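Read the single chain below, which is given as structure tokens and is the form predicted on its own.
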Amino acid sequence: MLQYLVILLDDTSVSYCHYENPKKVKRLISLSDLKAGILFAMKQNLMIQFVYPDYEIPAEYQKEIETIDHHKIAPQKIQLKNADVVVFNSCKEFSTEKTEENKDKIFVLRANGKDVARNVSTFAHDGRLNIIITDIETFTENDFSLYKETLEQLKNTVKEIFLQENSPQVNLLTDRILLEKMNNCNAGIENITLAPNGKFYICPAFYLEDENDTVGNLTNCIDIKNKHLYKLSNAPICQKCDAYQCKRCVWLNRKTTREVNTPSHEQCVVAHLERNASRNLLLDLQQLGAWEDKSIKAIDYFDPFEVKDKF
């Protein structure tokens, strides 16, 4: 059941996930479509996530946005003070100044695996940090080895923050400890996107890749073909997997396997490297008396497909 409506305010709205946004020409959603999108969300009882471009939108748009409960996702470049999610598009941009204003924000860092590895020592943040690896689909065995080392360094950083009596949240490590079931992207099931052209898409990536790949519009509503394929219940191996923090990005799935509910080998291995690093962090923290009621079992595989017969 839908819970969220993502509204891209402009063609150049910031990416907050695996996909890149190649668009450079500004195209602001029409004010009438913005109002219609807000009305749609109200009727469907959906929480709206407004995704901002890197320029200040007109005052009449800002006024309309404030008529409904919502979350703001904005690039770091525009310094939107009331943003709920702040996106950094490189490690070079990344900084998390400790201010009262920043304490409840979610910070998203998008970077490739090698860039994250080079800068992992700078990620000491005692709030919420989501790290998005943007080149997972190209990972080789060397990249997997490097990523494993990166996660080990990040684990030690998180542990040090805990020792300072803070409670950091880093999606790659702490999410798996806290989760009891899959918590994936769920685009097409729990969230849908309204693009600046007034049409609905599975997620922003589907719109940016092909504007014709629409699943409805504000007049005729939403019509997702073979909607059941987006559900976890139709992904038999993923149902048995316990890498609960895996995004199972449906766009990345389709891009790499041509199936929206089937992750690639690379996405599975990365998710299990994170899962195992989470287990190591948990064991370290349990020695300090924390999270003693949690457990993550040891496993001997990185891709569930390779041991599918066990499932």
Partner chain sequence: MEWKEGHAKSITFIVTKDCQLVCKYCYLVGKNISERMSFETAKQAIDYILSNKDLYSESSVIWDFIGGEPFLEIDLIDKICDYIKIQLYEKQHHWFNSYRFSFSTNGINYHEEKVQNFIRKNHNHLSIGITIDGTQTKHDLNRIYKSGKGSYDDVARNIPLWLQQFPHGGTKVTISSPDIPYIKESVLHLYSLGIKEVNINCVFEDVWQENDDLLFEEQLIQLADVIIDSEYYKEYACSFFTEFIGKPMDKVRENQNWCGAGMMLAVDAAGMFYPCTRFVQYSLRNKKTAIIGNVHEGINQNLLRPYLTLNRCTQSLQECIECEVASGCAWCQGENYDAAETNTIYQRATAICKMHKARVRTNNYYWNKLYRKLELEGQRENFEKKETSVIC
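Predicted, not measured: the structure shown is a model, and the values here were computed from it. Positions refer to the first chain, counted from 1.
Below, we turn to the form predicted together with the partner chain, even though it does not appear here.
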4.5 Å heavy atom contact with the partner chain in the predicted complex for all of Ser90, Lys148 and Gln153: no
- prompt: Exactly one stretch in 79-87, 121-129, 161-169, 234-242 has heavy atoms within 4.5 Å of the partner chain in the predicted complex; which is it?
  reply: 234-242
message: So the partner chain isn't shown here. In the predicted complex, which residue out of Gln44, Ser30, Thr257, Thr67 has a non-hydrogen atom within 4.5 Å of it?
response: Thr257
task: May I ask you to choose, among Asn226, Asn212, Asn142, Asn220, the residue with a heavy atom within 4.5 Å of the partner chain in the predicted complex?
output: Asn226
query: Does the 4.5 Å heavy atom contact test between Ser278 and the partner chain in the predicted complex come out positive?
result: no
task: Decide whether Asp10 counts as a contact residue for the partner chain in the predicted complex under a heavy atom distance cut-off of 4.5 Å.
output: no
task: May I ask you to state whether Val51 is within 4.5 Å of the partner chain in the predicted complex, using heavy atom distances?
output: no
query: So in the predicted complex, does Lys35 come within 4.5 Å of the partner chain, heavy atom to heavy atom?
result: no
message: Do any residues of 268-282 have a non-hydrogen atom within 4.5 angstroms of the partner chain in the predicted complex? If so, which ones, in sequence order?
response: Cys268
